[in-house]
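Below you'll find only one chain, the form predicted on its own, shown as structure tokens.
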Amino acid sequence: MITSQRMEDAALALMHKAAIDIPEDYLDALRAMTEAEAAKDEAGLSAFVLEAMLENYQAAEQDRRPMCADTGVPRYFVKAGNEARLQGGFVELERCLRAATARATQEIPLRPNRVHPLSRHDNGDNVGINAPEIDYSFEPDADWLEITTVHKGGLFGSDYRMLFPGDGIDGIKRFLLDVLIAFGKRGLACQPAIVGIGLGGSKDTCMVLGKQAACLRVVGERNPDPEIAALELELKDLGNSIGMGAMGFVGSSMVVDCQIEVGYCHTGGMPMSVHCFCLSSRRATARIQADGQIDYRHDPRWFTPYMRRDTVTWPGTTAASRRTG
């Protein structure tokens, strides 16, 4: 059985790792972008900003301090094995996650960013009504528990549009360009960023898919659907071709990667959401084994074949059995 103490210990450690240690996949991509911007004949502020970002990341790691004064809004993504046994169940798990958030706010420290929307009351610990958010998914044939912490900015960086089937790929490109140009000009996102796109689903599912695509996949990880994977690369190149670089300055380093997740939607529409992760891509994952051992990593491995299943039962069924239920 996975104990309460192990769940809280893992969540607290994840808060430290997410706030301070930048994932290597993002760092490698950022270094490549920095070299590309610096090699240009007219290298300017975009290259300078990228170099400063890398220096800040290194300083944060050495000093064990958050790399950004705005530590965003901490949230959790929980993947539970179907056979996992938790002391106190999921109610106790949520208490552990909220306790770890409050402790981390004081110990790291994190900026207390959570306030009541009307009174603006701040508990001072990033915990409140519906805060922190906890999203769940499940995995068959597993007895472990995985907790992923993401520190994402909670103000801007996201947009939504209801497209129509007739808009097609051109409509997807047009909306992406509208979003990236607006964000860059108005300072509504911190570039360069991993851009997540949700396609399909209901309106709320579309937003969830886009945020998860931005926050829970590593740079260079392609969608298993070849058509979607090709579109990811095309949209990444498109986003880097609009003349904007780091923090909106002139350059070609706006999109570190583009990642797309899809869901089945109503026949009459094609909803689309766009989400820009923070330029520090703050995420960390822990797997708690049934015996209490905890393994940490930066790759959430959130989108498993089970999560992307297109069938009634698991493992897959035939088209005929899908039709007949």
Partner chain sequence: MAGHDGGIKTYRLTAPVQPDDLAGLELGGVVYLDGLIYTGREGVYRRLLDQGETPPVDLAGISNVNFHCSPAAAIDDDGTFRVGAVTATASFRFAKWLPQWFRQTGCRVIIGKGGMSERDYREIFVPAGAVYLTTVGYGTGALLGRGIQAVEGVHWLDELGIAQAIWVLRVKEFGPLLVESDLAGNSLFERHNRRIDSHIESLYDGLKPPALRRFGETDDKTDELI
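Predicted model, so just to flag it, every value in this text is computed and none were measured. Numbering follows the first chain given and starts at 1.
One more form of this protein, predicted together with the partner chain, exists but is not displayed; see below.
Heavy atoms within 4.5 Å of the partner chain in the predicted complex map, among the stretches 101-109, 223-231, 75-83, 128-136, onto 101-109 alone. The single contact residue among R174, R95, H116, K203, judged by any heavy atom lying within 4.5 Å of the partner chain in the predicted complex, is R174.
Between the partner chain and the residues A29, C265, I294, C68, the one pair within 4.5 Å by heavy atoms in the predicted complex involves C68.
Contact between P140 and the partner chain in the predicted complex is not found at the 4.5 Å heavy atom cutoff. Interface membership of W144, defined by any non-hydrogen atom within 4.5 Å of the partner chain in the predicted complex, is ruled out.
At the 4.5 Å threshold, heavy atoms of L279 reach the partner chain in the predicted complex. At the 4.5 Å threshold, heavy atoms of K236 stay clear of the partner chain in the predicted complex, well away from it. Shown here without its partner, the chain carries E55, M244 and G248, all of which come within 4.5 Å of the partner chain in the predicted complex through at least one heavy atom. Using a 4.5 Å cut-off on any heavy atom, the residues of 174-194 that reach the partner chain in the predicted complex are, in sequence order, R174, F175, L177, D178, I181, A182, F183, K185, R186, G187, L188, C190, Q191.
Distance between the C-alpha atoms of R186 and M162: longer in the predicted complex than here (change of 3 Å or more).
If you compare C-alpha positions, S253 and G187 are 3 angstroms or more closer together in the predicted complex than in the form on display.
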